[in-house]
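This document opens with one chain alone, in structure tokens, the form predicted on its own.
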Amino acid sequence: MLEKALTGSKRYWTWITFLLAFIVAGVLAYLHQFDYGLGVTGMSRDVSWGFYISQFTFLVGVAASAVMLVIPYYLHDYKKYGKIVILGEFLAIAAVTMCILFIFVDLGQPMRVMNVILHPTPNSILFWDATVLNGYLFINLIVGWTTLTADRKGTPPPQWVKPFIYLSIPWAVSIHTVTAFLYAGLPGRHFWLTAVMAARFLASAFASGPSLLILLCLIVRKVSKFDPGREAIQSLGKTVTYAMFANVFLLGLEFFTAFYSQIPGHMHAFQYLYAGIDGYSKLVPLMWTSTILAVFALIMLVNPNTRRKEGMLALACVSVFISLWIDKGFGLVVGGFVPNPFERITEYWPSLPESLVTLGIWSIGFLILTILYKIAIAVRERTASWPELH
């Protein structure tokens, strides 16, 4: 089926070329970082996790969101998701690949990756994070490719793949839970030391991932003959609504705990992010942008009349995605380091090489996603008139 990715319109190849240009820029920036070291980034002694780890954290949630299609379709026989479940699984593959790449570039020396394999440490959360990420990538590759091959042949998926499908459900939850434990297990960082960190991660994942998937479905419908289905898109919109409400509620609990208790260590990170401290306010505009977009998205989503209009739904999903990317893909990580345990403030902003590497990895992810979607759409267009076989 890979040959289907080698044919396409001028628009398809223009998009591929566009992505390749950013990938080349990212590779060149990474070679500069490899030669000089992580000193080319905006990170410092006080802010040792930056843009790379924040993107990894956000994308783990995007990858985990595929479970919101797998559960209704495979466990509850919700046939409306039959057309798009493969799109969710392929999105998970692209997202996990980007997660692994962001960890890779954050390590500085790439040979350090081998330490996880050659010297496993089961008492380390990072070891388990690497394990569940690679396992989830492996599971989605098997399930996605096997079910798509069965679709192409017009046959039901083989029975041996079903255990992998069912395994992917708890595994999807585990990848984001373990990632949350990386933060919540650090007692020296008050901003992250909360029992609801994993719950916040999952709520944001089930809002951001389906939001992106809705946008991708609308794009697929526009550029191809494959229609993911209006009812499936609307159902995903409800998922985004409930998950976004849960995410905002859990964030509100964090604010209450910090400011009602008046514990300085808990309050200072929120103060820095949303109001600034002693003139240091580099992230304040970003965090208020995230807040405004979240409120706007909820107003749009909670009203069924606006949610049913696909143009308005798309606008709400863009708002959700950007809001959570700022909150989780920037503020959450940086907020844990500022102020530091000695109440000193060292601000962080990604450097140009750091930004180019990040853009290059995102481009790799979208290149993988484009190729996988091109194959899936070609198969789905051919089998559109066939009955569902899952």
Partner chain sequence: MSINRREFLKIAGASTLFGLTGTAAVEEILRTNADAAVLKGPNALNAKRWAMTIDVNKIRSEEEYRKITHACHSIHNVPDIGNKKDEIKWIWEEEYENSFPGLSDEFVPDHIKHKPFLLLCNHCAKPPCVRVCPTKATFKRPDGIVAMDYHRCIGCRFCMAACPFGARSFNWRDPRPFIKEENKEFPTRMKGVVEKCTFCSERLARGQKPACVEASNGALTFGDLEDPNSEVRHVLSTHYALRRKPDLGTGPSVYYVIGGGTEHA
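Just so it is clear, the structure is predicted and the values come from calculations on it, not from any experiment. Residue numbers count along the first chain shown, from 1.
Not on display, but discussed next: the form predicted in complex with the partner chain.
- Scanning I263, L315, L253, L186 against the partner chain in the predicted complex with a 4.5 Å heavy atom cut-off leaves one residue, L186.
- The stretch from 228 to 236, 145 to 153, 111 to 119, 200 to 208 that comes within 4.5 Å of the partner chain in the predicted complex, counting heavy atoms only, is 111 to 119.
- For L38, a non-hydrogen atom is located within 4.5 Å of the partner chain in the predicted complex, even though that partner is not displayed.
- By the criterion of a heavy atom within 4.5 Å, D106 is counted among the residues contacting the partner chain in the predicted complex.
- Within this chain, P350 is remote from the site of the partner chain in the predicted complex, having no heavy atom within 4.5 Å.
- Proximity of L182 to the partner chain in the predicted complex falls within the 4.5 Å heavy atom cutoff.
- Residues from 324 to 357 that approach the partner chain in the predicted complex with a non-hydrogen atom closer than or equal to 4.5 Å are F337, P341, F342, E343, R344, T346, in the order they occur in the chain.
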